[in-house]
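Below you'll find only one chain, the form predicted on its own, shown as structure tokens.
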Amino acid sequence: METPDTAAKPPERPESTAAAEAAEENAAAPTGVAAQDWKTASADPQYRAAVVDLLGALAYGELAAFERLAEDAKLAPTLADKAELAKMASAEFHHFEQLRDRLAAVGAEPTEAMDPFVEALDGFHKQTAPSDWLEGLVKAYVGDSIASDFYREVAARLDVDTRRLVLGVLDDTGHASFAVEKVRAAIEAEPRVGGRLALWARRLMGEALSQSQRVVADRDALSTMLVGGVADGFDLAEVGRMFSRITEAHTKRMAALGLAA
């Protein structure tokens, strides 16, 4: 017969279960550069150069996003929509300021860090200029999200301080829920719009992935970091898995918009 004390004790977990959970926890914990702060990690000049490249690309991306949202606001059908986009543009500019200030703090000249990425990013935006309000919303939601997914993947390999900054500036500014609401309402009102926007989103997917690859390929320090020469980079198998994850996230976003991937 059990005493009250023994009955109250929870059953002990099997040792193998506890060990498996501990191993999983340790595997998820950052290691190498990802466990270091900026001061320690940046002692490697190649790593420092790669981070300056990354922050430069992000900073110009945020500045371009600010400009594009301000332009898209002109296409807004209502004053309330115009005000909402203006608020999002302001948030993007704040992200740009954070990146600019960080570049200056680590001894890099912000405009020089951004300059190598201007041509590629401007080319992407020129090739994917929206023709109307709805295409602009889909571009901001789908195109920007693909780029953000890519940078989040990279952030997992960065030092603690840089990772915190990168993830912070990639936070959604409210565009996701706003775009989903407006696009779904437009499709419900006029179903044939969905086919056109689905084709547009597929084009954006291809252009965004190509642009990401161009940005990396053009910068030796950044590409070396990503493929494992610096920090804990990706091997070829992991690169494949990374793009699979980005594609899966894209498919989910398309479904949220009510569009076929």
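Numbers for residues come from their place in the sequence shown, where the first is 1. As the structure is a prediction and not an experimental result, all values here were calculated from the model.
Although not depicted, the form predicted in complex with a further copy of the same chain is the subject of the following passage.
### Query
Taking a further copy of the same chain in the predicted bound form as the reference, which of Arg184, Arg152, His125, Lys87 has a non-hydrogen atom within 4.5 Å?
Comparing distances to a further copy of the same chain in the predicted bound form, the residue within 4.5 Å is Lys87.
### Answer option from Ala34, Leu209, Ala198, Ala70, heavy atom within 4.5 Å of a further copy of the same chain in the predicted bound form
Comparing distances to a further copy of the same chain in the predicted bound form, the residue within 4.5 Å is Ala70.
### Message
Within 4.5 Å, heavy atoms only, one stretch in 175 to 183, 137 to 145, 93 to 101, 158 to 166 touches a further copy of the same chain in the predicted bound form. Which?
### Response
Of the stretches listed, the one contacting the partner is 93 to 101.
### Query
Just to confirm, Ala105 within 4.5 Å of a further copy of the same chain in the predicted bound form by heavy atoms?
Close contact is absent here: in the predicted bound form, Ala105 is far from a further copy of the same chain, nothing within 4.5 Å, heavy atoms only.
### Message
Under a 4.5 Å heavy atom criterion, is Ala120 part of the interface with a further copy of the same chain in the predicted bound form?
### Response
Because no heavy atom of Ala120 falls inside 4.5 Å of a further copy of the same chain in the predicted bound form, the answer is no.
### Task
May I ask you to check whether Phe66 falls inside a 4.5 Å heavy atom distance of a further copy of the same chain in the predicted bound form?
Close contact exists here: in the predicted bound form, Phe66 approaches a further copy of the same chain to within 4.5 Å, heavy atoms only.
### Message
Please tell me whether any heavy atom belonging to Ala189 falls inside 4.5 Å of a heavy atom of a further copy of the same chain, as the geometry stands in the predicted bound form.
### Response
Because no heavy atom of Ala189 falls inside 4.5 Å of a further copy of the same chain in the predicted bound form, the answer is no.
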